[in-house]
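Presented as structure tokens, the chain that follows is alone, the form predicted on its own.
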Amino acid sequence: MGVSGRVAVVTGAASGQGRATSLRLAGEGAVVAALDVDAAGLASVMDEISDMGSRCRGLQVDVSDAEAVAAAFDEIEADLGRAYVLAAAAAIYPPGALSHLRDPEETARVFDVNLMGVVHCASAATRQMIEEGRGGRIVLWSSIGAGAAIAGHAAYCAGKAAIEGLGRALAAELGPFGITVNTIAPGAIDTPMISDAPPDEAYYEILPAGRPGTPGEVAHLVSYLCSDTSGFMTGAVLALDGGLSGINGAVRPDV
């Protein structure tokens, strides 16, 4: 059955990897609940999914607000049904700054969105999955920054490292309910989030893959983790980084 006919909640759905995930799951027959703070982006995603002949409900939600998240999941249940999939892609990546110089409120905001936003959504989704009694699929987003420092982004790296621990713990807790929890750790993916990163030419020298990844490639992995055939995979952290986490320095030989 996979996701066909089932409710998939996608956060950060208005752009980038969340948008690609929403479109991919909708194309596989899921009923998508798209969450984001970007109203215009949500409207665009809803239009595109509607043009595909699939159903989508867009909700403008700040995932860092626990009450707003709870209310959104209540609306989803009333309108679409209980969640079977949670793809928690929402995150922020503020401009780089040394930790001791960054505004403490901005640091707190990174943790509120990137970590607590995931906690709020996972808790709400889990309650619905357990009540429904059909199991479920939860996919969290980490980053290569969880295991390798990105100078100027200490709060982002710390929050993503916490997501990996959260994913493993939730997998242990929720296994008896037939719910899998896996975490993906993307590297350089061609989205607005890396718009200030090195140009594509640099990735040829840095990455074994020779290029940044695409949101569609991330969505393909999410699709597998939400499928019926992925039931034995849980508690995993899966790198999707073009080989970056396995190398030391430039990889192109000087021949």
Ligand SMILES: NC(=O)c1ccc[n+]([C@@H]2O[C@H](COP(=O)([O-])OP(=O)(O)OC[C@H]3O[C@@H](n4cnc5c(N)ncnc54)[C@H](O)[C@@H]3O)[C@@H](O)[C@H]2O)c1
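In this text, residue numbers run from 1 along the sequence as written. Note that the coordinates shown come from a computational prediction; the quantities given were computed from them, not determined experimentally.
This next part talks about the form predicted in complex with the named molecule, which is not shown.
- Although the partner is absent from this view, A90 contacts the named molecule in the model of the complex, with a non-hydrogen atom inside 4.5 angstroms.
- Remark: V61 counts among the residues lining the named molecule in the model of the complex, judged by a heavy atom distance of 4.5 Å or less.
- Using a 4.5 angstroms threshold between heavy atoms, T183 stays clear of the named molecule in the model of the complex.
- Taking non-hydrogen atoms only, G16 approaches the named molecule to within 4.5 angstroms in the model of the complex.
- Note on the interface: of 167-175, 75-83, 136-144, 123-131, the segment with non-hydrogen atoms within 4.5 angstroms of the named molecule in the model of the complex is 136-144.
- This chain is drawn without the named molecule; in the model of the complex, the residue among A43, V37, A68, L221 with a heavy atom within 4.5 Å of it is V37.
- Along 103-125, residues R109, V113 each place a heavy atom within 4.5 Å of the named molecule in the model of the complex.
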